[in-house]
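This document starts with one chain, in the form predicted on its own, laid out as structure tokens.
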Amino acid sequence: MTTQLSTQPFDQAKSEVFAENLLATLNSGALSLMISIGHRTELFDTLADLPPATSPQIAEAAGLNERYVREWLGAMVTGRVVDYNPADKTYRLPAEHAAFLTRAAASDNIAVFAQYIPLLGAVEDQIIDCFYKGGGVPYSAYKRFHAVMAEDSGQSVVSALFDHVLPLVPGLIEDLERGIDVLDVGCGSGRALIRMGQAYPNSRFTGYDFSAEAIAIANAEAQRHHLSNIQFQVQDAAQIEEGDRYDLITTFDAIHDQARPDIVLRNIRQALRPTGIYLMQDIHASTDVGGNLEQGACHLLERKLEQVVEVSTAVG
């Protein structure tokens, strides 16, 4: 391949800034992997409960291998996540950082979302094949997909469900208390619907999702809670054929995942009773990439990564 020299004017200062940004991106990407490990091994939670401690002390408290904990701590220190005192070789997670990295932080725990980086990286080979051959990558190839999504929805949807989401519709909580028919399309592992089923025993809840794995998890969880007012079924949202059946239909962060959102929304409309309500929560983004520029580069990159996953799973 012959490389052609560009005839465009070259701004050296702009070039250097871009190179620095690329290096920062690489460092941040590596740090994201380590943050994911810190979340999954509960090292952040352990550190938050400890006074300044040595690597062996932290490893013992976490029940983990000390050598690996030591190397992880090295990444956390150089990434300015964990403080280090060279005098006594102790590590400390500042409270200001723990507020965004521990399970105690609830909906503010950003470490949960770091898990998407290794999840997406694990299917890079299959995605690259799709660039050449088309087709798609099935959900089954995304290891831990539903576990991570369940944690995600637990923070972004379920945590706000009763205080902020359901009260958006006047009288909806009272209707749920009296008893109505509810459908959640793209329910995933069913966390939101199970919480609603527990809170409103007089209402009847149905959850649809394309993934058999997610539905199996949801049904097991419903059985564990002895919920008789809820059912989960494997169902392609683009093939729902129901009419005037539900008083409330919800979609939480699901419509943007659909291969044919127009058909899904039409099916939702048909499945609603004449006085029914459709409640949708989704990503605030534009189909046109130009419409996302004001939302920041990080948000745009996150959205484009999601779209690669959506295309690969929908086509597959």
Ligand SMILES: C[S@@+](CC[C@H](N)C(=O)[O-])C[C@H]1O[C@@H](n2cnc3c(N)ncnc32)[C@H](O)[C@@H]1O
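Everything numeric in this text was worked out from a predicted model, so none of it was measured. So that there is no doubt, residue numbering starts at 1 and follows the sequence shown.
What follows is about the form predicted in complex with this ligand, which we do not show.
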Counting heavy atoms only and using a 4.5 Å cut-off, do 162, 205 and 278 all touch this ligand in the model of the complex?
no
With a 4.5 Å heavy atom cut-off to this ligand in the model of the complex, the contacting stretch among 162-170, 219-227, 89-97, 232-240 is 232-240
Answer key, this ligand contact in the model of the complex at 4.5 Å (heavy atoms) among 248, 254, 47, 69: the residue is 254
Residue 210: touches this ligand in the model of the complex, heavy atom cutoff 4.5 angstroms
yes
Evaluate residue 112 for contact with this ligand in the model of the complex, applying a 4.5 angstroms cut-off between non-hydrogen atoms, and reply yes or no.
no
Is residue 186 one of the residues lying within 4.5 Å of this ligand in the model of the complex, judged by heavy atom distances?
yes
Even though the partner isn't displayed, in the model of the complex is residue 146 close enough to this ligand, meaning a heavy atom within 4.5 Å?
yes
In sequence order, which positions of 149-175 have a non-hydrogen atom within 4.5 Å of this ligand in the model of the complex?
149, 153, 157
